[in-house]
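Same chain, two forms, each on its own as structure tokens: structure 1, then structure 2.
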Structure 1
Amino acid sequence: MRLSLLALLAKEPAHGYELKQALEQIFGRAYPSPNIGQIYVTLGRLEKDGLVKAVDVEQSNRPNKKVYYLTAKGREALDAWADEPTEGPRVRDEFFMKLVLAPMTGIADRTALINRQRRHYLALMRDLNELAERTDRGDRVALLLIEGAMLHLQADLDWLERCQEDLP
């Protein structure tokens, strides 16, 4: 969430509710709605780290609000984030560790583990299909996010088949 907030603040200063609304508007239903408390906690940490600066803005009929501005240090952190590749494939996969170690130690049956995981992935795929059907066709960002999640799930399902075939 830190870098997402910094990215939005690079566009323009904003207060917490504006940042929440921007995330919801940009990513639509495909992205879980951020908790406003989490946003303000994160903004507080960003301010403490010198990445943003808060300014109290007076309002005539309401309590003052804090508007957050990106600092030079925040811009440097954002530039570094944009320049770095995102984490790649999962080599330390928790499910794979479970799949190898649980049968070896007698904790669980490998086929049961694979079947349970497959059912879980298929349920997630159904949920994503329903979400895609409810999403406005013009909301390209949300649809691409949903499609990416579905493609990852399909790859995970294919990998489960491979595990079932290749592991003793």
Structure 2
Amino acid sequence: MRLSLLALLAKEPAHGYELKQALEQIFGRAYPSPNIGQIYVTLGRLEKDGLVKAVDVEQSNRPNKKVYYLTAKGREALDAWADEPTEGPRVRDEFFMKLVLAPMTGIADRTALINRQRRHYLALMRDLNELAERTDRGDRVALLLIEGAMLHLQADLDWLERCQEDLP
């Protein structure tokens, strides 16, 4: 979350609750809503590292609020993040370990493992279908996130078929 907060602060200074609202509004229901405590902890760490600074703003009838803004060092960190390619997803090796090792050790049958895993992936896909149906058509960010999750799941299923074909 560090870098998404920095990115939001590069747009304009904000206090913790505004950052939470901005994340919710941008990513919609397809992304887990951030916990406000987590946001304050992250802001505290960013401040300690000199990437953001905070000023107290007085409010009538309420305690002061801390408004955060990006420092030059924070801007550099953000630029470095933007300039780097992002790590790709890796193969889900836990299932593969099971698949290769289980028959050798006699704890499970390979066909049964593959069948169970396929049904599980399809059940996850059904959830994603329903999530996509419930998501507003205009919410492009959320829909793309869901579509990305679907494409990964499809790749997992295709790979499962390859395992089924090529493992004796």
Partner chain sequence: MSPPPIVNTVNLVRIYQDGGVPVPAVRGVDLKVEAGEFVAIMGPSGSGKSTLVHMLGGLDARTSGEIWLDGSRVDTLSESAWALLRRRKIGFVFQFFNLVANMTVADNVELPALLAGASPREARERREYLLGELGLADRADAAPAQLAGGEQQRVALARALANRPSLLLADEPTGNLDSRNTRDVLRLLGEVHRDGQTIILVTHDARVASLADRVVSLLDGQIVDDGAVGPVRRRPRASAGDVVELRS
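Keep in mind it's a predicted model, so treat the numbers as computed, not measured. Between two forms, the rigid core is defined as the largest C-alpha subset superposing within 1.5 Å. Along the sequence of structure 1, residues get numbers from 1 upward.
For this pair of chain forms, which number matches the form predicted on its own? The chain shown as structure 1 is the form predicted on its own.
Residue 34: CA shift of at least 2 Å between the two structures after core fit? Shift of 2 Å or more: no.
Rigid core superposition, residue 100 Cα moves 2 angstroms or more between the two structures: Yes, the C-alpha position differs by at least 2 Å between the two structures.
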